[in-house]
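Two separate entries follow, structure 1 and structure 2, each one form of the same protein chain as structure tokens.
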Structure 1
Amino acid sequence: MSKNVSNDKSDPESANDLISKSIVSLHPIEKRILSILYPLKEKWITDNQLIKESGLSIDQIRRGIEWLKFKNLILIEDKSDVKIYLKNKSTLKNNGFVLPERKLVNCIKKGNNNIADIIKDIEFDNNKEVFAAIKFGKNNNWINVENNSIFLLPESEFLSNEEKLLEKLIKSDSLLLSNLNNSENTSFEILKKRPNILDIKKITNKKYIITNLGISIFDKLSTDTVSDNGKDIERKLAVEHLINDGWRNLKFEQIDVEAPLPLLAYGKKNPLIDFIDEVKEILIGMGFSEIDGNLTQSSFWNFDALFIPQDHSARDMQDTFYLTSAKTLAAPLPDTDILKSVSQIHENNWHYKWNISESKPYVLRTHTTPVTIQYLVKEKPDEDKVFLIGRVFRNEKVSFKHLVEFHQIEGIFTSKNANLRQLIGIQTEFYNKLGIKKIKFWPTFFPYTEPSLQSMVYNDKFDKWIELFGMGIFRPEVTLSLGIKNPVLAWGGGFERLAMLRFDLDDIRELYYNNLSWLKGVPKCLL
């Protein structure tokens, strides 16, 4: 129920601005409504009258009225209300309008206070009604339940508020919600929720009147139309007007050029793939070429070739996905020269018996380095800059910061004189191109690089240092046993870490959830 009267007549100072602004954006429905209200001037018109006189549908009226009210061209008086009746087939009628809780009181007065007996009492239709009676009896403070018996309290001698309202309703047939007092209002809310008691009917009683601003605008509208040298007015240009030259004698209605419109469906690249492409472009600009390789690798290339001993915990099932199959499955191994030199370097340095059967199992690559290293073995470049951004796998429990599959970015630079200072230089340039200015480098450890560094970058948005990529120079144990002559500078790390910063995500899983609203909502251009 509302009794609103909209804001009154508009601010005279800006009236002229408003007139010219409003007039350009009047919709035919608005014009139609104004044309009804205009001649009435100071007189209110009801909803029903307006519908009748305008010939518009209820829906059109509702929309038009909303727009006009928003523009302060009309005022609305809303005296809508709710009429309350007893339900036509109210179950109360059958028993003289006695509520179940009153029936219960009568029942107990007869000396019947055991619940089981009450349920059997002829007064009640079913046990549901008894339970309702007990609930409301308790609410009214009429009864006290002890074990399986019910006792009356003094309050039960008086009418409850609900009974009072019912009595009033029986007397006068119907009541208006706006006429109820507070306690009646509460009783109404309670009775409304109980089955088969009340019926309500909404009464709309709205009235409209044109404002001064509305009058001015309608005046202006009329003059404009009249002063138009007798030209016809059309809503929009039609093809036949163009073909038959009719447009020369036409004037076009001003349409609402400011109204917002629904967004269109569109096709789009995945935001993560898109960002990967942007980063690829940075690297290509720095002279790196992209390489690609398999996601499934032998343990040899994933571990052995990178100087990770066969008894090292990194190779445990807990961290690595080993592949299984109903058929026989054996990963291809390199030629015997390489196997021999790698096994020797393992045995000499790590003091254990290297076993070829530990090199054969297939794994899902835990890093991208097996691809890089195989590229170097195959191409044997004296100098090269290559990179890849590809999936890697870890057997971890998925959480907001861990995925089992994610992307790793890795780049290498090999040259006769490649050195640590250049590695720091390449990394700094790459970060700068991503927009990162504050960078720290610390020593760290990786099994296959030496010296090894990790980098921390300062993120302005989160105002904190974040660990990003690791880097180092491939150990001679790795390169020499694989026949790679020159030092190889390598750097890399998880790509999703960058993507979370880029897309402002707290939960890494969102990148792979494929929520269409999110996919469509991520702006294409970096802001």
Structure 2
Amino acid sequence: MSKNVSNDKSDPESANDLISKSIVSLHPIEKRILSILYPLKEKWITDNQLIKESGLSIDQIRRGIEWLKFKNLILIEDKSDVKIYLKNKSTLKNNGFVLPERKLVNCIKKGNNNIADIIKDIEFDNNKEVFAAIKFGKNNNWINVENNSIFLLPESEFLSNEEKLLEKLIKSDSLLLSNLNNSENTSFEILKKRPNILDIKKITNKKYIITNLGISIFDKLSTDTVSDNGKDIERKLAVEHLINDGWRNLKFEQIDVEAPLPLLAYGKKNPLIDFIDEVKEILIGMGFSEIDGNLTQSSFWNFDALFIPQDHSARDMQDTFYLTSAKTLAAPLPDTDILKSVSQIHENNWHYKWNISESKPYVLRTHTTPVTIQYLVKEKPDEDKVFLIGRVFRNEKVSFKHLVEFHQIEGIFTSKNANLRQLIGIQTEFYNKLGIKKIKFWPTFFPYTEPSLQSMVYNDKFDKWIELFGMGIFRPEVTLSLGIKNPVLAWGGGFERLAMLRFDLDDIRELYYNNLSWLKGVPKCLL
């Protein structure tokens, strides 16, 4: 049965009109591709064959194929597959390949069946390999583990399905996933998750065939390609045609001026994302490194570690999103020494009985500081500059200046001699790089910094000073209880407020409206 598309028309005139219009719209690339497919008629031709026989570039082939497909002049068959290789195949061919579970069997056959002795055996590179061998040995029903000793079962004398697939790969250059049977498919899924065994490459095979309409058009095209006087039809007017007046005797190919043009609706980044990228470049240029962390945090890292008392109003359900389950979530409680130190700091300074149960509930982070604090606790740097821009969540009523979910920008600088003057300098340089020149700093209060400042920038549109970022030096009650010795300068605030200044917006919600005219109208670079 033919795979070509039937294009029979009940009305011969309408069929001829369709063919004539199609011929007029054909590009030389399309004609070249049809000239390759036409002689084959019922046979498929591959991508590589078409490139080789046409002499066209891969980009020309792709364009021509899309045009012809749109006009129903060709059919495309697109099949993808996965090619499987062995890593370090040359080494495997010479020395063979032994999976850890087979090494375990060989080790036990030598008389080593105690787990402690097996770990020391030269067969294995490290402890992880031994435990992997035990896991897969049990899966294959090769071994039985009793009281730290391992005994072989009769099944260990036979090759596993994974070993059979590896032997097949060693004998051949590669295997196609489509050619594997069910058992080999299962073995492949197991082996591809194991390190340093398989290499995988996705391949795509495309084939093309001319349709009945394509054949009819090419027949007509072949008849009309030569003019009455025996000369080829010209597509372009050349200089020599004008010089010798030869254009009067030429027959030119028709141009379809009514051919529809595609409606282009290019996608682009949201202006807010573009602005985030710009700010990241500025901070990296100032010597900061970017860090990131989890959106979910325990109450300990979100509140307690930052010297926020357990009866503080910010911890209420009205301000914070609490999660009902802590399963599979990151940021657990720290070790006992840190818990003890933090609890003593709270009790000595806030004068209440600190309760560990208040630190266990998980929340959607209300600020990004728990991420930076955990970074400092983990890395314990003597000197460092890091920043992050990430989403935070507040259980607030949405308004022109408040959102439930928004971005926060935060930066910290720590060194032996870090001081408030340096922090003001960092903030001033950051604002200047954003084009903000009118800046001043007011004293304020934050639970986890002292001294604390509020940066103020002047908004020409509203003719007034507006609050932007908070800043300060982490209190000793925060740093010392967590084992951080050097002073830590910190600053941060809502990124959307900064974006409102950049895009001259009155309402913070406009950043998230689906207003396509605004989204498309914001220029890539603002001068």
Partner chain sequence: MPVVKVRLSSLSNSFPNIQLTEIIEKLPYIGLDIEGIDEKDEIVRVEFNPNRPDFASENGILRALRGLFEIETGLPIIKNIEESSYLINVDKTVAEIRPIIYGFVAKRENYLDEYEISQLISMQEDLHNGVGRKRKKASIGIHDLDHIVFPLEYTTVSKDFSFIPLDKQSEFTIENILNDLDTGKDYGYIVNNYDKFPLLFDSQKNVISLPPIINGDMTKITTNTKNLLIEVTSTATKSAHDILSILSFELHDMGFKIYYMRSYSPFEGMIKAPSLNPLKMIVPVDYINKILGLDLSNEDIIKYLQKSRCSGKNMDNDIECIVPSYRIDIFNPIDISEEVAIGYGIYRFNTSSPPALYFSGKKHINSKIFNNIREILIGLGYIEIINTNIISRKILDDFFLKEKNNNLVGIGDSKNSEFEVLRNSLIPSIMSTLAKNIHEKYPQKLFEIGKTFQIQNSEVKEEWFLGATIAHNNADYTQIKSVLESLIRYCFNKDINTPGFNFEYYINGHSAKILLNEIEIGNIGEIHPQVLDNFKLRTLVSAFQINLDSLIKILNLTKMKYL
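Throughout, residue numbering runs from 1 along the sequence of structure 1. Because the structure is predicted, anything quoted here is derived from the model rather than measured. Rigid core (definition): largest C-alpha set, two forms, superposition within 1.5 Å.
Q: Pick one: which structure is the form predicted on its own?
A: Comparing the pair, one sees that structure 2 is the form predicted on its own and the remaining one is not.
Q: Rigid core fitted, is the C-alpha displacement of S357 between the two structures 2 Å or more?
A: Where the cores coincide, S357 shows only a C-alpha shift between the two structures that is less than 2 Å.
Q: Could you check, with the core superposed, whether the Cα atom of G64 shifts 2 Å or more between the two structures?
A: The answer is yes, as the C-alpha of G64 shifts between the two structures by 2 Å or more after core alignment.
Q: With the core lined up, does the C-alpha of F441 move 2 Å or more between the two structures?
A: It does not, since the F441 C-alpha is displaced less than 2 Å between the two structures after the core fit.
Q: Taking the rigid core as the frame of reference, how far in Å is the Cα of L169 displaced between the two structures?
A: Spelling it out: core superposed, C-alpha of L169 shifted, distance 96.1 Å.
Q: Core-aligned, what does the C-alpha of L505 shift between the two structures, expressed in angstrom?
A: Its alpha carbon moves by 2.5 Å.
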